[in-house]
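Quick heads-up: it's one chain on its own, the form predicted alone, in structure tokens.
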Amino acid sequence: MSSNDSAPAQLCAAESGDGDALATLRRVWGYESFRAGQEEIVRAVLAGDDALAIMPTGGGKSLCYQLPALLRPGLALVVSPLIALMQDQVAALQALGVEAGALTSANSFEENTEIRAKLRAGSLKLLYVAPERLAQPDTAYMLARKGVSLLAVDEAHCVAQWGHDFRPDYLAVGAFRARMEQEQGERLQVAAFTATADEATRAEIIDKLFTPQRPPRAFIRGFDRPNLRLAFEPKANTTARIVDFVKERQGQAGIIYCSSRKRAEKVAERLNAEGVRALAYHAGLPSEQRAQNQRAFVHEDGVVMAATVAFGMGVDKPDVRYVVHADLPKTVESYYQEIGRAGRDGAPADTLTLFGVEDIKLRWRQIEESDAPEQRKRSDRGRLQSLLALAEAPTCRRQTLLAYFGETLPEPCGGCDLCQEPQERYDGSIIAQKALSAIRRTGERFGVEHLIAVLRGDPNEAVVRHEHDKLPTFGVGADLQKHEWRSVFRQIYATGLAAVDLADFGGWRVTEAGWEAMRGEREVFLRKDSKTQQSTRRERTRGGPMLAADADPDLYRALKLKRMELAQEHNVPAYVIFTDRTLAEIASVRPQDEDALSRCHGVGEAKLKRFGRIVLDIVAREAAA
């Protein structure tokens, strides 16, 4: 069975002249309604207002500029940071019947010639470009004659010089806007979008991309992703834990973030040995290999990517079912952005972050040894402390995360690890005093394993050699196991009672707050270190589209197989054909004709014309089986 070979009907401004945003949303995207926060932003952009939109990853930011582009004359110019992201968005728009293109260094001469021809003809509605292209002198001159009506800046936080994803090329956007206004002789509307921007970053975006005379309307649509389950665990045999986690989710797409290239390769090798299709991605791989691996992850179902943070921003794959951090991320913003690559389709998805003292020491070392100015280092130290507070949170993890971004969640979420498996808290003042005393009495020169040996009364060679077996602290903590003491040290470190002297071989020292605790002037509450059983973890496993009780699982599988065939035939990611959510709804509704199919989520005019008969034939065949 093959697809309809006719090209999808192309949209132009005249065809969408009804000016009805909701009707266009239904006709083109096949959505019955806007997601939370989208409609107000769309209306503002349609009204010609400059706008800054902070929306959670998966909240539908791109639609907020794509839809207005179809309802107005002129060209929408979209600044996007990565070629892969541009290619995927263009492919998705073209599948919807929208004239869109991207001018990139990866294009062939013929592809760029075709795009320029469409520009001259005025048929192109959206043009994607990388920020570095804006710095080229002829870009503004060329585009000014094509009637650019909107400059949309995606991943706008990249313009923030103190942000976690700073891209120097983004600094060219403001100057380009000014040149375009000079060339066109009129104001150029700017709309900026990002998912990760605290108050300082938002101020920097406004300063760099907009003008004092035209401050943007700001839309802050919340940071909560209720479909994501948040979980942190202390490290214990990291690779084995990751393998167990992934195998519980066999056949689902996932990302495993690693702090080093070596770990990324090791994790991928181990997963493959366990029968999981896994690929590695890091900057040390040849560019062709990176591109090939990323393409496989995006285009195929159920691929797992073990990667450094070099991977992710350019991936707009909606059915990633989990994100694992094999090591502690750099900041809360990095953590939020990276876990945000899971569950973009709105279906449940899991996140898991593994961390240990060595991770924390590494992050501190990276800050202290960087060439950044002291002001930046102070900012980075504060961000790291906020991340540690999230890792060692005593109650609802989602409340702690949202509080960092200035949001209040009135009630515990009920869906994070701490809500589902509440951690018992206790007055740990005496235990903390023992740990701090061990640090002080050993001269503030030793690492955590040595300190634990002293506390537990372990007369190993190093303890005896330094005569630490003769200290009053020797053996005072024999009632706690090693893993319990490690938890205590992580918590007193995360809460600022102790610090690590990175310039002196990682020796622990007592801070001023720690001295207050030792003197009994500060209460210390700790949470018990619980080793979650594997059976409990399996009970918590989620992910995948939520098939309704009346859905036909055989039909759903048949639809996924055909989707993969069509994706390979058309050389696009599988989700460009239909998302998992759409297939799940079709498997539940089991439409008998095009009218019923058109009412399914994500089935717009172009997709109905192109793939409708194929879907209906599969539904009929499965019904007769």
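None of the values given here were measured: they were computed from a predicted structure. One-based numbering along the sequence shown.
Only in words, not in the display: the form predicted in complex with a small molecule, which the text now covers.
At a distance threshold of 4.5 angstroms between non-hydrogen atoms, Asp350 is out of contact with the small molecule in the model of the complex. The small molecule in the model of the complex is not approached by Glu265, whose heavy atoms all lie more than 4.5 angstroms from it. Among residues of the shown chain, Arg344 is one whose heavy atoms approach the small molecule to within 4.5 Å in the model of the complex. Contact annotation: Glu338 falls outside 4.5 Å of the small molecule in the model of the complex, judged by heavy atom distances. Stretch 58 to 66 is the answer when you ask which of 583 to 591, 58 to 66, 44 to 52, 566 to 574 has residues with heavy atoms within 4.5 Å of the small molecule in the model of the complex. Exactly one listed residue, out of Pro318, Gly97, Pro234, Pro216, brings a non-hydrogen atom to within 4.5 Å of the small molecule in the model of the complex: Pro318. Figure legend: C-alpha atoms of Pro348 and Glu32, shown here, are separated by at least 3 angstroms less in the model of the complex.
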